[in-house]
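In structure tokens, the next block holds one chain alone, the form predicted on its own.
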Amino acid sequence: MPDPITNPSTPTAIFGKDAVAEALADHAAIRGLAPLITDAKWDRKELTLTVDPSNIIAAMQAAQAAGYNFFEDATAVDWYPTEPRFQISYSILSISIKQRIRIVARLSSDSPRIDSITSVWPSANFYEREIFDLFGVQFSGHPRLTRIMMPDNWEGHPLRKDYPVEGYR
């Protein structure tokens, strides 16, 4: 069977966990992460897998076991005023199979907290500190969760959508 990643007969966009799992059944990430996925999207040759925040460490370990060996970056999005408000996106690459995936976890606004993945990917350290500093998301188990971009005495988190444009006065 041809690889669905490069197969031109694969539709340009597939949405939903079951539809993506069926269309990309041979994809390493789908096989490895299937029990942890709550939603999935295949669009513009990019695979995005949504997992529950409580399963983020298990998802990262499953991605490593599936052959994804390079943590590229982590970032956040504030979808204010919708809920869940925050989205944490992790980009991971497999150098050997030449595939990239995005693993996404969505957090509510009442307590934006997720486990730190530094035990699985030590290079996530500074990305998590940046997200903490600019969005206020707490990373449980992080070795040194302190501000990295803003001064220590800065009030608030400037990339939140409800942050005042001119800062707090």
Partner chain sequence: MAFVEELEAPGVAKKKDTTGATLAGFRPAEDLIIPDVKDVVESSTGHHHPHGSDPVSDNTMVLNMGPQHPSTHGVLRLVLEVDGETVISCAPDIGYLHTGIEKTCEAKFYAQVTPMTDRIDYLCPMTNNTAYALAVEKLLELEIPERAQYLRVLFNELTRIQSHLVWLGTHAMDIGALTVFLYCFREREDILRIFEAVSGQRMMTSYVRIGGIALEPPLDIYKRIREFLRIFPSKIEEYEGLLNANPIWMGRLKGVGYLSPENAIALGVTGPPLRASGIDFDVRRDMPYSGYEKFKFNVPVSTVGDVWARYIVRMQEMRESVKICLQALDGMPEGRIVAYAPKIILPDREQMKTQMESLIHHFKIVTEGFQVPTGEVTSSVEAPHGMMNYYVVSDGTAKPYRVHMRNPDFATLQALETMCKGQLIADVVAVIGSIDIVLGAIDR
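Residue numbers count along the first chain shown, from 1. Remember, it's a predicted structure, so these values are computed and weren't measured experimentally.
There is another form of the same protein, the form predicted together with the partner chain; it is not shown, and what comes next is about it.
Contact assignment for the partner chain in the predicted bound form, among D43, D110, D39, D26, heavy atom within 4.5 Å
None of the other options qualify; the answer is D43.
Are all three residues S89, P122 and M150 in contact with the partner chain in the predicted bound form, where contact means a non-hydrogen atom within 4.5 Å?
Yes.
With the partner left out here, check for me: in the predicted bound form, does some heavy atom of P35 sit within 4.5 Å of the partner chain?
Looking in the predicted bound form, residue contacts with the partner chain do not include P35, since no heavy atom lies within 4.5 Å.
Using a 4.5 angstroms cut-off on non-hydrogen atoms, would E130 count as touching the partner chain in the predicted bound form?
Looking in the predicted bound form, residue contacts with the partner chain include E130, since a heavy atom lies within 4.5 Å.
Does L159 make contact with the partner chain in the predicted bound form, using a 4.5 Å heavy atom cut-off?
L159: yes, in contact with the partner chain in the predicted bound form.
Would you classify N69 as touching the partner chain in the predicted bound form, given a 4.5 Å non-hydrogen atom cut-off?
Because a heavy atom of N69 falls inside 4.5 Å of the partner chain in the predicted bound form, the answer is yes.
At a 4.5 angstroms cut-off on non-hydrogen atoms, which residues of 100-118 are near the partner chain in the predicted bound form? List them in order.
Those in contact are R100, R102, T118.
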